[in-house]
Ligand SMILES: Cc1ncc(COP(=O)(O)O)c(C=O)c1O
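In structure tokens, one chain follows: the form predicted on its own.
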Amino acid sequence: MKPPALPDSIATPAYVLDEAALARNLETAARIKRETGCKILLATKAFALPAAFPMMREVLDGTTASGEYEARLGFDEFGKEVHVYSPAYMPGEVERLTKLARHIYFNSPEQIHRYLPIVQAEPGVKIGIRINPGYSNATLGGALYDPCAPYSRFGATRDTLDDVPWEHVDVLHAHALCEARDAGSVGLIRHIAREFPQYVRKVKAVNFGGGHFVNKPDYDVANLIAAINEFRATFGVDVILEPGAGLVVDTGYLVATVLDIHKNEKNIAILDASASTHMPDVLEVPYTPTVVGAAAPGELPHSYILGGKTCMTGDIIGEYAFAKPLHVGDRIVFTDMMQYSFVKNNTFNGVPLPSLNVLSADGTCRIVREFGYDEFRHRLG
């Protein structure tokens, strides 16, 4: 991803969405829909920026949520179909969801039996059942991000599927991927066709979940399209995909400023951006994000450990090499910072949240939202 010129006027820390890059990613989604007739939903657990919804609404069929608040966001701000799944629902949540979502997915046959009267009381709401397909193809984070890892709490296992009241179920849901390339996507589709055909024939649609990294350069979209078309031709059902990160991968940045250079055997650049608070997946996965103009340690003359300003010892983003020495006030630009980072950030230590910005195709940058002390204080009661 070659970043465009970012205005020096951006106050850091700042997340910046690149609209031109997002438009390119949405072209991939449009092609998949056009050539297969499938539906594609935005998983708001990975990306929830209402400022981008008008552009995404032109291509996508709606949103998929992980609970009531995300469902409400999709209903209020996106304005198309809302699908929702949670491994369990809080008291009163399903009743409220029936006013927001037209598709509610349950985690077990027992849940469907329990909530069926509530769903049926709201005309037009369709029921889905999430299954555990026993197909592991999560390419990121190992068991941490593998929905089919041993003892997973996600989805009805095969031995329970005959207890599902299939006459009331419209959608079979099988989410088993994380940052999967086409081999994983195609593998899941063929696995469901091979291992669960008797259940596919009981429903009107199959939702193959998210984790399809369709906008990575090494993803062969044609293979996905062929697999979806083969599946639809075999079973005569609709197909739904619900990518999140796959739609917004490589579409934005986190811009930071060097606050100080500390020396302790190595050079350590302390930033106003933090792994702990602003990019938690760096520590959870873990992974080392790409920095514009930087390379691996030793590949350029000047190496630095980049860390945040929190009191957490492990608030380290990674070690990088630069062509020139870093100085206080220098800008550091991290790429691929639209997926998960800003929806998972926090105010630990009272560290300010980065502002949200949108970079237009004409090079102008607008501030969507800035955050101050109030956001920190209001969460504390």
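Because the structure is a prediction, the values reported are computed rather than measured. One rule holds for the numbers: they count along the sequence shown, beginning at 1.
The same protein also exists as the form predicted together with the ligand; that form is not shown, yet it is the one meant from here on.
Q: Only one of 312 to 320, 346 to 354, 24 to 32, 38 to 46 has heavy atoms within 4.5 Å of the ligand in the predicted bound form; I'd like to know which.
A: Heavy atoms within 4.5 Å of the ligand in the predicted bound form occur in 38 to 46.
Q: Is Gly211 close enough to touch the ligand in the predicted bound form, meaning at least one heavy atom pair within 4.5 Å?
A: Gly211 belongs to the contact set for the ligand.
Q: Although the ligand is absent from this view, report whether Ala245 comes within 4.5 Å of it in the predicted bound form, heavy atoms only.
A: Contact with the ligand, yes.
Q: For Phe53, is any heavy atom within 4.5 Å of the ligand in the predicted bound form, or not?
A: Phe53 lies outside the contact set for the ligand.
Q: Does any part of His278 reach within 4.5 Å of the ligand in the predicted bound form? Heavy atoms only, please.
A: The answer is no: His278 has no heavy atom within 4.5 Å of the ligand.
Q: Does every residue of Tyr15, Arg72 and Phe342 put a non-hydrogen atom within 4.5 angstroms of the ligand in the predicted bound form?
A: No, the candidate spot makes no contact with the ligand.
Q: So which residues in 259 to 288, when you check the ligand in the predicted bound form, have a heavy atom no farther than 4.5 Å from it?
A: Nothing in this stretch is in contact.
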